[in-house]
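For reference, the chain that follows is the form predicted on its own, supplied as structure tokens.
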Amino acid sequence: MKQFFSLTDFNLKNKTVAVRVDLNLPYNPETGELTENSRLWKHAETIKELVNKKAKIIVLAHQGRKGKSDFISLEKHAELLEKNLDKKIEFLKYGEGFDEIKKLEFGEVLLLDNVRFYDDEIKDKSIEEHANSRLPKKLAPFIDYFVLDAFSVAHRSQASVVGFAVLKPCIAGPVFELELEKLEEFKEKIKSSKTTFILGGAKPEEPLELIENFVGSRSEILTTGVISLLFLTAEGYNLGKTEEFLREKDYLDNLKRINEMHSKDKIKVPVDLAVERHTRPSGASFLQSKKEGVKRVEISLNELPVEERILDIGKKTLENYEKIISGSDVVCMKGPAGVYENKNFESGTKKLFEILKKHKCTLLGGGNTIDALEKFKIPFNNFGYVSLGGGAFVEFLIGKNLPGIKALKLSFTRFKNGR
């Protein structure tokens, strides 16, 4: 039974359409440069489709979070959209009036500034309350329809995601619909199949949610990245300098949660790890620091603790994990295995991608996973499906109700008889 609107449900010619996309791009604060990624390219295709329908298009997006170095204006994003659409993109700075929308011709595109510049954008409110947040309330009189194309923000009850649901007919965009369709398929496969989860990345919260949800099932859990370091700590290993890093980030606060988990025998940890070791040429004095080199050194667990940071998993761990993966019906990977940005520590993540390319049923997701694939120039079609979502990807798989989906359903119920 139909639950929300699609683009094909409306004739958008000569209509004004707001479209929420995800242009949250990797940003280098030292150079001020943004890096293009698949989210940008996929959403550009949706905008192009709306242009071809002769609609007037208002693009909504965010970049970073308040207080972070990547919390910046979207002026440069407009330039990237221009490049990908081969079309002039108008840009409206935060604080400028929405009357500029009236000056647009049909088939033209206007990008609004960072939606998170609005103080009430991320406030914890219901869908109905967010209809009174500043952005939806100000923008709604200027538009006919709202399109939610960014599944990756659907787990956020934020003004630019859910606030239009009771104000205007809200439509699921093509990127959103494909994500939902594919993740629904994999969700069913995971329920009925022997599944292996490969969980890593730099933050433990989302991997922990997946582990808590699936550890009691037929699933195997293979840990990498920060989550593997926490499980090793929980097993009593002293990680040395790495433990200081975990403490500084407050990640050790998760140990109680880990120790209370059941079926921990299904959670696999690395048997060897890679560290960054500084070396000096033979015979060089300590003062000859300029001659020092840095290399990857793999250590076994019985060599812990070490004074170097642990930055990747080792070869023996990859061999063990490959055997488990080969016996799985479905494999789901979330997060890189190590600090893939550093050439010395990219091999764990790279090798896992190579192993997964051979498997018949694979699901990958998460922002850093996508960034790693793009860094290594590995095509997404080498895998079953690569989700553009991070938190939304996790919350959907574990069965949470996503506010973005709820908002689309609510809008469909409210406006289906008035089309």
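Keep in mind the model is a prediction, meaning the values are calculated, not measured. One rule holds for the numbers: they count along the sequence shown, beginning at 1.
Although it is not shown, the form predicted together with a small molecule is what the next lines describe.
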query: In the predicted bound form, the one of S228, T196, T242, S152 near the small molecule [non-hydrogen atom within 4.5 angstroms]; finding: S152
query: Option touching the small molecule, based on a heavy atom within 4.5 Å in the predicted bound form, out of K358, R65, K54, K48; finding: R65
query: Joint contact, K187, G365 and K400 to the small molecule in the predicted bound form, by non-hydrogen atom at 4.5 Å; finding: no
query: Contact label in the predicted bound form: R39 to the small molecule, heavy atom within 4.5 Å; finding: yes
query: Partner contact for N24 in the predicted bound form: the small molecule, 4.5 angstroms, heavy atom; finding: yes
query: 4.5 angstroms heavy atom contact with the small molecule in the predicted bound form for R156; finding: yes
query: Partner contact for R116 in the predicted bound form: the small molecule, 4.5 angstroms, heavy atom; finding: yes
query: In the predicted bound form, segment of 57-65, 372-380, 350-358, 30-38 with a heavy atom within 4.5 Å of the small molecule; finding: 57-65
